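Have a look below at one chain only, the form predicted alone, in structure tokens format.
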Amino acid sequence: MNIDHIDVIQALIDGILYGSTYALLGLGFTLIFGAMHKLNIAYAASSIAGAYVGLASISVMAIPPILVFFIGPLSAGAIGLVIYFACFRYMPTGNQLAPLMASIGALFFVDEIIIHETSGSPLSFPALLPDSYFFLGQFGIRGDLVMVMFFSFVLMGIVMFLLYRTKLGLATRATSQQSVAALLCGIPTHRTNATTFVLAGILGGFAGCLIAAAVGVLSPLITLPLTIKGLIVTVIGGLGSIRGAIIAGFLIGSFENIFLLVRGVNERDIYVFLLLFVFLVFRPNGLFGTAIDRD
């Protein structure tokens, strides 16, 4: 197969546009880890579940398809809150393994519900801009991916504003840095953590809907791959780093498309995992994470 520079640049453009959804997923993982220093493995599953609830709502109530992008994120936020209370709120504080294993169980539980209700079949999902495609010189640009990237940037801006310009953001950062001191200062840490889960869930719900809109279908088969991709973005960006998660999302999207172009769909994920391995060996703290003492 002959690959020229036009093909490579085209793959990079598509990868960057689609990588904005990975950035949203990584941002959601990072918000939860930054607030509680714990990984919510069920995060991507709750995001996809929210998209399914939105799709079911427009099918049952016969409402405009555009409303799926509002109902889905709100549903994902509610599911995120349930996961917080089921897997994190009442777990022993000193046991770091218990919430991790509980969230893994929640991942499989949510995934099984989706498979049971849909019989494991993919469902059509409304597109943002159907049949929108234009050329910029020699490069083809998908209009729906441009819209996905636009909404992703808007959501990232909203999250950054909430974190650094509101009392909720101040409480979240204080709880993250020193939860006991924050509690002594009158900050309701449990309420703050619950709110963070809802915010991250809404963000993930948007990501799930945007991914389904870009692909055109919603399938239970994407839950586990999105979980892995979100974790890879979080690790490469640096655990707890907001800007790292955003940059790593675009990085993974770009590399994934390059690997797809060069090696095909069967080997694409292998090289993404290899990229993670390289970071874990040579830069284990990620792009912008705090330094890790190997000893």
Partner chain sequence: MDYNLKSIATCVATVAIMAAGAASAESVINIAGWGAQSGPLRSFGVNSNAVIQAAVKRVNEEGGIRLADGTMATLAYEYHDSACNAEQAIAVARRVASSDVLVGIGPTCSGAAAAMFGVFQKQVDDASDTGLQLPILTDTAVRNGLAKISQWTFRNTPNEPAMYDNLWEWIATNQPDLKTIYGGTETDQGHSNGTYSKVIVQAAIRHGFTWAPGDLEGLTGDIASGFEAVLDSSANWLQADTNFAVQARAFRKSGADVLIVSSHPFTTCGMLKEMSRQRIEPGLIVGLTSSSSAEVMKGCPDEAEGMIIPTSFAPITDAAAEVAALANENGGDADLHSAAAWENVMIIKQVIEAVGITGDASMVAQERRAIRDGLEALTETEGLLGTITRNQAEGEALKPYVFVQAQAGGWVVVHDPR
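Numbering follows the first chain given and starts at 1. Every value quoted in this text rests on a predicted model; they were computed, and no experiment measured them. What we label the rigid core is the largest C-alpha set whose atoms superpose within 1.5 Å from one form to the other.
The next section is about a form of this same protein that is not shown, the form predicted together with its partner chain.
Stretch 141-149 is the contacting one of 193-201, 99-107, 71-79, 141-149, since its residues have non-hydrogen atoms within 4.5 Å of its partner chain in the predicted complex. Although the partner is absent here, residue 119 is a contact residue: one of its heavy atoms lies within 4.5 angstroms of its partner chain in the predicted complex. Although the partner is absent from this view, residue 163 stays clear of its partner chain in the predicted complex, with no non-hydrogen atom inside 4.5 angstroms. The closest non-hydrogen atom of residue 11 lies within 4.5 Å of its partner chain in the predicted complex. The shortest heavy atom separation between residue 90 and its partner chain in the predicted complex exceeds 4.5 Å. Scanning 56, 231, 261, 242 against its partner chain in the predicted complex with a 4.5 Å heavy atom cut-off leaves one residue, 261. In the predicted complex, the residues of 252-271 lying within 4.5 Å of its partner chain by at least one heavy atom are, in order, 257, 260, 261, 265, 266, 268, 269.
Superposition on the rigid core between the shown form and the other one places the CA atom of residue 37 less than 2 Å from its counterpart. Superposition of the core reveals a Cα shift of less than 2 Å for residue 60 between the shown form and the other one.
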